[in-house]
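Next up: a single chain in structure tokens, the form predicted on its own.
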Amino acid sequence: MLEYFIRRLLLTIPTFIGCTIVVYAIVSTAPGGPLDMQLQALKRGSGGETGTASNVQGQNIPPEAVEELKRFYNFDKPIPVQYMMWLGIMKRDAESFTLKPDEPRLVGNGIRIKAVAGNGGYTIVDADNPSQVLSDWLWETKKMPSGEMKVRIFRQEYSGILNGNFGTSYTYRKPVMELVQSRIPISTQFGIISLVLSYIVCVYLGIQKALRHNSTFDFASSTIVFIAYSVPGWALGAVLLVFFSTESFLPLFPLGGFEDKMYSEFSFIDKVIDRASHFVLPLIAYMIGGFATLTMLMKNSLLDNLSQDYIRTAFAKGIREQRVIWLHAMRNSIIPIAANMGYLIGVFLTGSYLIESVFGIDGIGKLSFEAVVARDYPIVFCFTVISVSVTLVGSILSDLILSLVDPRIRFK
């Protein structure tokens, strides 16, 4: 079985690459990207990044400015090259400056460099110490529209997701990992709590429905569960906010958010109460979608096992009903529920952008939704990596849980 899981882990590598290639290609070729949005903002004379522009012809934007924007967004290279740079297996420009030959240029940290002409090319040296050659700087000549010749100097390095660098957000102007690390704990708290509560409630309800099959309780609970299943979590969240967070009905809970603005100044007990009050409505919205699936899966699994020969034999031997149900039938009935846990972990831990948007929760889901709208590609690609990775790990975890709870299963 160890060999099986090793093979599964190795298979996640081509699966991950395939998924990211598809997403990267679709997103990169979609119209209205960050380059078009920035060009439109420049045309309007504003610094924002809203609006779209698919054709830059006729705009009063210098061609060199357009080229520099393409270079900044890495759109001056083919998509396969962009993808390999994003992975970190091909070098990308770390710094880039345009200067006139033999004229010093400040490149930061008080360092000045210049491109010295000679031998049909240029040598990049320290302007304050010309004998010191800066071999890590490369160069290329650029002919400006005015006919003037300039030199672009640049440094390259391996900088991609394999190096832990997901880039800088176009919207927030911050490293993507810094943004994600501040948001993931919030979504994870909601995900773990809703996962635990969903299993506790649904398993118990499924057991009671199986033991009271075809009773009034069974029909009534099924009706409620399936009605709840048909309502999207975000829509239910909006209704809950109207009824329980505004003066329209009962203002029992905060109107969205994750915690009070004065949370840091609260005592420990007040912090617990404040956090709990902010969690109630979002958790209901998170949990409502999975109720029907888990509840009916638990009920049908238990009913199926109660009709098996080994259960009838146990009753025939005079074993108490409670012992037969909770010891014998439940051990096999819980197997499908346990095997599904790995997949649900992936769903809950990556957040729900619609629910987080409704409640104004600054989680990873809301961040990814805003990134898609704003064409903030570094965040979109980072969220893709997280989603694919969690899904792949969740599938392996499901197989592992299944092998642990069911000794009859042996993967080969």
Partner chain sequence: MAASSTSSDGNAGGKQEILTINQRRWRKFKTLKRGYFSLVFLCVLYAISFFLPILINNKALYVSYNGTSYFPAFRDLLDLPLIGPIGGTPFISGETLGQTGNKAEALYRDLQVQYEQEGGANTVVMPLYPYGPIEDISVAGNEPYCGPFESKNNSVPRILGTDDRGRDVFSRMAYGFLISLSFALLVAVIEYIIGVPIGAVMGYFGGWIDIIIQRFMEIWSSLPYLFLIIIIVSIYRPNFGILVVLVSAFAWLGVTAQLRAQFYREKTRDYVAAAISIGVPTWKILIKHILPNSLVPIITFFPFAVVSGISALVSLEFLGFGLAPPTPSWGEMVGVGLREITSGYWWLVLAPLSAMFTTLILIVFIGEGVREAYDPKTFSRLR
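By rigid core we mean the largest C-alpha set that fits within 1.5 Å across both forms. Numbering follows the first chain given and starts at 1. All values reported here derive from a predicted model rather than from experimental measurement.
There is another form of this protein, the form predicted in complex with the partner chain, and it is not shown here; the text below is about that form.
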If contact means any heavy atom within 4.5 Å, which of 162 to 170, 248 to 256, 268 to 276, 129 to 137 contacts the partner chain in the predicted bound form? 248 to 256
Identify which of Ile111, Val242, Leu327, Val196 has a heavy atom within 4.5 Å of the partner chain in the predicted bound form; exactly one of them does. Val242
Of Met90, Ile186, Met341, Ala292, the one that lies within 4.5 Å of the partner chain in the predicted bound form (heavy atoms): Ala292
I'd like to know whether Ser368 contacts the partner chain in the predicted bound form, with contact meaning heavy atoms within 4.5 angstroms. yes
Partner contact for Asp304 in the predicted bound form: the partner chain, 4.5 angstroms, heavy atom: yes
Even though the partner isn't displayed, in the predicted bound form is Gln40 close enough to the partner chain, meaning a heavy atom within 4.5 Å? no
I'd like to check something about Leu35: if you look in the predicted bound form, is any of its heavy atoms closer than or equal to 4.5 Å to a heavy atom of the partner chain? no
Any chance all of Leu2, Phe190 and Leu402 sit within 4.5 Å of the partner chain in the predicted bound form, going by non-hydrogen atoms? no
Select from 360 to 387 the residues with a non-hydrogen atom within 4.5 Å of the partner chain in the predicted bound form and write them out in sequence order. Ser368, Phe369, Val372, Val373, Arg375, Val380, Phe383, Thr384, Ser387
So, does Gly360 move by 2 Å or more at the CA between this form and the one not shown, with the core held fixed? no
Core superposed first: is there a CA shift of 2 Å or greater at Asp36 between this form and the one not shown? yes
